[in-house]
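Below you'll find only one chain, the form predicted on its own, shown as structure tokens.
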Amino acid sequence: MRIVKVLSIILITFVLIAGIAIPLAPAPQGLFEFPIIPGLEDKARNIFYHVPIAWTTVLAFLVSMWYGYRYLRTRSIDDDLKSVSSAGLGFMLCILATVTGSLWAKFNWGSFWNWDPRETSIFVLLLIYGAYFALRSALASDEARARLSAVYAIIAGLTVPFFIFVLPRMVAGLHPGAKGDVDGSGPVLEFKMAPNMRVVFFSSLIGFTLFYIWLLTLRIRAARLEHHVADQHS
């Protein structure tokens, strides 16, 4: 796991420096200049942070769903701890995705919040997983908490692809790829980015994914210790 930690730190550091320091030019002359994306200009740099964080949010919620399913099959409390640990990280990343998206919206559309379909979708996910943690805190029995949480994590996880990938494309909105968007799905999904921008983007995608894996292992260890201490005092 040490290699995962080191690689994630190296990649995210590289992305932070390259994403901010490399200038944008109308006609790039080399690797150390990004082309200007029409309509985004300097704001295109947020692609390197907002999109990978949103992707890692989806990954975390799906992993939580998987371990919820595993718990229902094994009844192992360890699977419950893994499920809630991933859900907690997903919730944190969802907040970060909302914040970076709001900053982008402010500079691109003039307001931090516009109730665009994607903004609405991520807000609904925050409510869904906020309710998940409220449910867990309301149950005293470990077995009942783990069982109901597992069922909830599965149902919540099934909604994630719909809210992130499907709904925003079914309704007209401000984000690229919304229904009726004549420009298509934007520079990320249609790979309109220049090769040097792709290097930074995919480095960010890998870096944030590894960072999530590292944080998940730490959170699971902490959850196991907390559960062990609680068992000793009960």
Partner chain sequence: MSTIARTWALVVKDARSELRTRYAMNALVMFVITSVATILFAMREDQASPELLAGMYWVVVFFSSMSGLSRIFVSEEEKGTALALQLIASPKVVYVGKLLFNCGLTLLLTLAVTVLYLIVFPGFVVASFDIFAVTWLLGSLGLASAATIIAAIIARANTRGTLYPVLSFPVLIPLLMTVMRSTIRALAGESFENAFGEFQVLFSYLLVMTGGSYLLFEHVWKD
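Numbering follows the first chain given and starts at 1. Remember, it's a predicted structure, so these values are computed and weren't measured experimentally.
The same protein also has a form predicted together with its partner chain, omitted here; what follows describes it.
- In the model of the complex, its partner chain lies within 4.5 Å of some heavy atom of Leu167.
- Contact annotation: Thr159 falls within 4.5 Å of its partner chain in the model of the complex, judged by heavy atom distances.
- Heavy atoms of Thr120 reach within 4.5 Å of its partner chain in the model of the complex, making it an interface residue.
- Remark: Phe163 counts among the residues lining its partner chain in the model of the complex, judged by a heavy atom distance of 4.5 Å or less.
- Contacts with its partner chain in the model of the complex, taken as any heavy atom within 4.5 Å, map within 137 to 157 to Ser137, Ala138, Leu139, Ala140, Arg147, Leu148, Val151, Tyr152, Ile154, Ile155, Ala156.
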